[in-house]
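Just one chain follows, in the form predicted on its own, and it is written as structure tokens.
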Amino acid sequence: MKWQRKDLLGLEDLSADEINLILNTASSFKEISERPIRKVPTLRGKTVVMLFVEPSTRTQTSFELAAKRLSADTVSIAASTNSMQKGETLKDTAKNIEAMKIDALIIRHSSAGAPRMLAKVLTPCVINAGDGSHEHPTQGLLDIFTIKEKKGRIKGLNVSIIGDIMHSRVARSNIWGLIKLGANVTVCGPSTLIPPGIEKMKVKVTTSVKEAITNTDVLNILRIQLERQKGKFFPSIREYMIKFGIDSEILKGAKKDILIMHPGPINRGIELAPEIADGPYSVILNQVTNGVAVRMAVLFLLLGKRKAPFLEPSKKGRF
């Protein structure tokens, strides 16, 4: 199939075929990052602007590397230096950036729906790099890509997401993508951090970590997002760690080939013990590596030609 969309706003919008197209394209692009010269001319002459109204390390750096490895020109605008600090609206800021003849705007914003609003009024492509507690589509895609790379498939796998489900945009994007590709998804956390009605997304809900780990193939651990919480959802960090933290003891009941994932940043010793984060089950750094390939694929599909003759298709995926 051919990519038809102008924007990437969330995995809820995408079909299974569209998700697989991104994953297959990312598989071909991953090889570029392993070359001595990590650059191809695909997006030469294109301009990509990153407007991060919320702070970011991994996502912003990953997008910037992805664009530069495709030979695009990049501009990064931080929250502390943009005109919104002077009272300018997000729409006016974006329209002024558009007037400089750019090709794509990558935006992270604390308000859910901000990228979708901009996509309606801007001609350049809009890519959602995380909007409030709504979605983080490229993180969901790189998580799914990593699972498929390690397990060889998505369909039929048991994936448990543990942590602050209520405030996690990563959880939502993972759920939409995994369910559409045929995985079985369980969410686990304190009952106060499980959104009401989340069962409608076709997930299983539990407050027992032991139950979430039993017979699961993948554990995706989320941090407690204190910056988005407006109230007290559990008695203390210590109690959360005791009941929901993942350590060697709790993993004794897990499958021997379980994958441990985390979107970062990790709060070591709270949601994840250091020996697990750095242990043989962990694919956390693989997620970071794969994020560049996935974001290259997204930029290519939105901005580039449908075929790239300078690329040798990999054995794992093709255009």
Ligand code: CP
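Since this is a predicted model, take the numbers as computed values, not measurements. Residue positions are given as counts along the sequence shown, with the first one as 1.
Heads up, the form predicted together with the named molecule isn't pictured, but that's what we're talking about next.
- Query: Of the options Gly269, Gly279, Gly253, Gly264, which one has a non-hydrogen atom that comes within 4.5 Å of the named molecule in the predicted complex?
  - Reply: After the contact test, the surviving option is Gly264.
Ser168, Gln139, Ser160, Asn128 - the one with a heavy atom within 4.5 Å of the named molecule in the predicted complex: Filtering the options by heavy-atom distance leaves Gln139.
Next on the checklist: Residue-level question: is Asn290 within 4.5 Å of the named molecule in the predicted complex, judged on heavy atoms?
Outcome noted: No, Asn290 is distant from the partner.
Q) Should Lys39 be classed as touching the named molecule in the predicted complex when contacts are defined as heavy atoms within 4.5 Å? A) Answer no; every heavy atom of Lys39 is more than 4.5 Å from the named molecule in the predicted complex.
Is there a heavy atom of Lys68 no more than 4.5 Å from a heavy atom of the named molecule in the predicted complex?
Outside the cut-off, so no.
Notebook entry, point to check: Do Arg172 and the named molecule share at least one heavy atom pair within 4.5 Å in the predicted complex?
Noted result: Heavy-atom contact with the named molecule at 4.5 Å: absent for Arg172.
Quick one: find which of 271 to 279, 43 to 51, 25 to 33, 58 to 66 has residues within 4.5 Å of the named molecule in the predicted complex by heavy atom distance.
Flagged stretch: 58 to 66.
*Can you tell me which bits of 102 to 122 touch the named molecule in the predicted complex, meaning any heavy atom within 4.5 Å?*
Just Arg108.
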